[in-house]
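Only one chain is given next, in structure tokens, and it is the form predicted on its own.
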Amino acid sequence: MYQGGYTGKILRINLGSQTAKVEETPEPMANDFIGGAGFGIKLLFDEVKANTDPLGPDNKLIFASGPLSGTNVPCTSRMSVTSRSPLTGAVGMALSGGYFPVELKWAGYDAMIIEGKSEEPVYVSIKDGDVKFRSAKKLWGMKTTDTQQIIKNDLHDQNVRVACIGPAGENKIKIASIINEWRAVGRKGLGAVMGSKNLKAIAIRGTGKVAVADKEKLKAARKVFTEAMKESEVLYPVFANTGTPMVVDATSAIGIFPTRNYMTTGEYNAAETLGVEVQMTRNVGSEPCYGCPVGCSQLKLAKTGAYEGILTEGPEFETMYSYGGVTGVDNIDAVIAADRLADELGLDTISSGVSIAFAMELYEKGILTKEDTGGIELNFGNDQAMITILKQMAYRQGIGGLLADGTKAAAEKIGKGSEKYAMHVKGLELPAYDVRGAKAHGLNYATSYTGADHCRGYAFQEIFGIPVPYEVDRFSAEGKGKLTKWNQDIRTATTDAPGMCAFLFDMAVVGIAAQNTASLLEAVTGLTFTPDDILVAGERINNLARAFNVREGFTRADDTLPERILTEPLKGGASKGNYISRDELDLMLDEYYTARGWDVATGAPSREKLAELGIEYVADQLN
């Protein structure tokens, strides 16, 4: 039995009946799925039936932090939010940091399941075991910062932590996010799920503590972890001062920072206008997550033109891409302003920016006209047009309304061959890496259970040249199936499930990740974990997520990449001439499915593999 880490309680909230009840956290679930994304996917598979309307009352929204969250292990204030995605129809799982995750644990809960739909706008306030349903009529229509402040005032507690939606979530925009303070549960449209339930916000405050099974063992495990952090050549001397935008320089150097809807990747150096040197002229401080000694989250202040005086947390690397590189905008102050606006409206910065870039290409090709855009000159680099369309998106107005549900849906409405310019996988827009120059990363986009998602199986071997578990050639397709399986499993089990910041994985513990996680979990929970157990847990979670998608009708045919990635070689830069051919993708998929023990023809997990992982019951639902 677990002795620490877990509170032993799951809070189930029904918005329709406005009731809340507490259930026990099952020990087998703790052993097999660890927490965080593992808990979310397990509960999603078991409780959300096939073909459930993502925006209907039967879909569920599952918040879960990991067993390390709320302890003194640094960089572990992380949570997952899981649902059936309205954007893709697949598993929708996104992560967030800040203070909300630890507050959830201190309030006494390992997870929180939101179900049903309120008749009127509502927000839920939680203080330890006290759960109340409060009217959100006066909050409806508010942006996220105002929503959070009004709730803090209403509750007479400035330290309450709030996760809320903005107008985009209220309007069920399928690229809507959930915002908690400066942090976003950004991708897969989970804000729309919250809006569909008439749930404006969740406010939480906890006064409890998280028990630790063996404090001496934890002290020893924590020392190994923090020493690895100190010894990193990147973490403190660089990353702590610049944050994720340092990756603009790194990806530009190897020719994979996407520009102009992936048409001109590598043809010019975006680092000159969006890189670290420029970014540092806008930095005014940092906003660390709870218990983080690194503080990578940078605050930036716009200093010129119409954007002067706008402050934002970030923009992170992905947003430098989505409102900068891929849209052709080279004004860093415009990127700062767009980032703040998206957070206030509750829009995912990646999907919104890529959708705008898609429309920009269509406009320049004549597929969209001024009549279609409402008079907006939608050329690449037009930052004012980008800002205007972001506002339109949140309210389903004008051309923004056409783009509000992502590129896949927009292309289906526009037609005229526009689908070949839509940069998405399974409906989820591509993140900030042109995978024509990083083929394992590309295979991860194709096979990730959420769609095109860099976080699920990040190929750090290709992006940063880290030779773990071995050195790879980023241009080769050979061996990438086995590597991608490993990348997905280890990251799931060492970051997404226990509640650990993924940046620590890449920059500090990549060589000892499984052992580090096993040692920390054993010390905190009192359960027994070996490094092999950790990897198997990651494999189990990925298989269950895949099974959910198979049950929803996804097959091998959906494990693909945009036409541009498959047919157009890069024209410039350090990755010039490279692309992922359809033959290469098929080769990688065959190897990937074989490594996973899945059916090569369909991409479905086999009964034998599911039985090996202790979840054979799942196979009965896939026939």
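One rule holds for the numbers: they count along the sequence shown, beginning at 1. Just so it is clear, the structure is predicted and the values come from calculations on it, not from any experiment.
Another form, the form predicted in complex with another copy of the chain, is not on view; read the next lines as being about it.
Comment: 303-311 is the region of 478-486, 188-196, 303-311, 258-266 lying near another copy of the chain in the model of the complex, near meaning a non-hydrogen atom within 4.5 Å. For the options D146, D330, E419, D214, the one in contact with another copy of the chain in the model of the complex, meaning a heavy atom within 4.5 Å, is D146. Checking W140, F503, Y236, F460 for any heavy atom within 4.5 Å of another copy of the chain in the model of the complex turns up a single hit: W140. Under a 4.5 angstroms non-hydrogen atom cutoff, another copy of the chain in the model of the complex has Q397 among its neighbouring residues.
Proximity of G285 to another copy of the chain in the model of the complex falls within the 4.5 Å heavy atom cutoff.
In the model of the complex, no heavy atom of A250 sits within 4.5 Å of another copy of the chain. Although the partner is absent from this view, I512 stays clear of another copy of the chain in the model of the complex, with no non-hydrogen atom inside 4.5 angstroms. For the stretch 313-348, the set of residues having any non-hydrogen atom within 4.5 angstroms of another copy of the chain in the model of the complex comprises only R340.
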